[in-house]
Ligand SMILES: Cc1cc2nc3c(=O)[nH]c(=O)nc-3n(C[C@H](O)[C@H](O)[C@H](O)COP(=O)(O)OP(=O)(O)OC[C@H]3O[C@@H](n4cnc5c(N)ncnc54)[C@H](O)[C@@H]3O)c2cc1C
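First comes one chain, alone, set out as structure tokens in the form predicted alone.
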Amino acid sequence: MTSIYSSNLAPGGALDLQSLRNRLSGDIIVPGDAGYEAARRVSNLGFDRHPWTIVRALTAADVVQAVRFARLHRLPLAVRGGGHSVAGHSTADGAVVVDLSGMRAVSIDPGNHTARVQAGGRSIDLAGPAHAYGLALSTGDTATVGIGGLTLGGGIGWMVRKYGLAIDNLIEAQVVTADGRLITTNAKQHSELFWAIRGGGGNFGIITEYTFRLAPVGAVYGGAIVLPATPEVVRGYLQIAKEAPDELSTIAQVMHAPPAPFIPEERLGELVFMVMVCFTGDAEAGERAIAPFRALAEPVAEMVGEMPYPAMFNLTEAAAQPHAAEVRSFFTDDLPGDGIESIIDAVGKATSPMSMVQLRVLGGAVRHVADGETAYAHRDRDYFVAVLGLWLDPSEDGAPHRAWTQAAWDSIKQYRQGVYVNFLADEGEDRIHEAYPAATYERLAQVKAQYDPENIFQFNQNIRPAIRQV
């Protein structure tokens, strides 16, 4: 994306950096510093970018100073939380990157069932402390996913059918605006901004702290059931998971059997359908809910049982490791037989053993929030589908894997009915409009015009500010 800002500064130039450094609790890293190479990396190793400087913020005041500095000197500004941005928006060449990874404090109020989470907090940073009080928030399915980016796009997690999206449990947020103010937004204060940050992405400011409502969750009945990857199995899964009690949320993947401890060695690399389950209730009820999956076919392998909620992240431990990725995704209500067969055929031809197609069945509590109450705009959709082209070695030629991802997407994209902004790559303006109905997009553009009229926050799925009438 082309920035509206320009600068003739050389990378790591000295422009006022010392005066900025003197005003920070955190630090500044520039090219040539010992820690620069490590600090500039993000989770997706396919993005090899060189920021002008990295501000490692430790406080909201640090974020304020970084925004004011970038604005004063007309420098492009990017924001990094967990660093998992599918489109690579966590970093940018020649930019000031505000790195929030040092702001990971979590404070639990067990009496009120709430949590305050700093902007750099990850799913696991909240899950552990909340579990100590028998509480939880449905966040990302991988331990290292940043709660900030996840929440701003909506937040589809392990308990989405029971407790809704992460944004459905957001009470308020502290926001640094484009003009360098720190404000509080909630249902009563800056209410339009509060509406916009619940699904509108990072367009409107830098969130420095979130306050969430937590749910009473201790142990869950969870794990994985690995089945043969046949059209009948996939079709049966979609129907069973859709009709399951809201307590059951699932993430399923057509993939090649990975080298997990519970997979028989002789089945490694076999094309399989892995159904990861999370039931928020007692083990007996959980067993009844997942039993229909086993009836679809004789399982290849299985690891299911009662476990503390944070243990669910063990299922996606491999995904938490840095890797390169190409992603395409969509929402749909209709994935017919031809589409299922196309998915299985595509994964069978994958250029990387890590690549897969992921299916999530939604519904449940997601639909309990009225349309228009948040900027997340696809609450009635039944399914989420993602083509994930994944490979480990960033020095490897990624072209074949990207071509595979595109071909797999081309074979099923006709079924799309909107897109989840958190799984949207850098795919152009039309795809951003698929994330938001016209009325939602226009309302977001109006909020953008109020809080960021110069589009300072543009390294995101960018919504341009509406032209304000004089």
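On a predicted model such as this, the values are computed, not experimentally measured, just so you know. Quick note: we count residues from 1 along the sequence shown, nothing fancier.
The form predicted in complex with this ligand exists for this protein as well; it is not shown, and the discussion that follows is about that form.
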### Task
Counting only non-hydrogen atoms, choose the one of 342 to 350, 394 to 402, 204 to 212, 363 to 371 that falls within 4.5 Å of this ligand in the predicted complex.
204 to 212
### Message
Would all three of R328, S355 and G389 be in contact with this ligand in the predicted complex, where contact means some heavy atom lies within 4.5 Å?
### Response
no
### Summary
Students should find that, of A173, M159, V220, V145, the residue having a non-hydrogen atom no more than 4.5 angstroms from this ligand in the predicted complex is V145
### Summary
Exactly one of R74, H113, H323, R181 comes within 4.5 Å of this ligand in the predicted complex through a heavy atom, and that residue is H323
### Query
Should A319 be classed as touching this ligand in the predicted complex when contacts are defined as heavy atoms within 4.5 Å?
yes
### Query
Taking the shortest heavy atom distance, is D246 within 4.5 Å of this ligand in the predicted complex?
no
### Message
How about A229 - does it come within 4.5 Å of this ligand in the predicted complex, if we only consider non-hydrogen atoms?
### Response
no
### 4.5 angstroms heavy atom contact with this ligand in the predicted complex for F69
no
### Query
Using a 4.5 Å cut-off on heavy atoms, what residues in 67 to 83 are near this ligand in the predicted complex?
V79, R80, G81, G82, G83
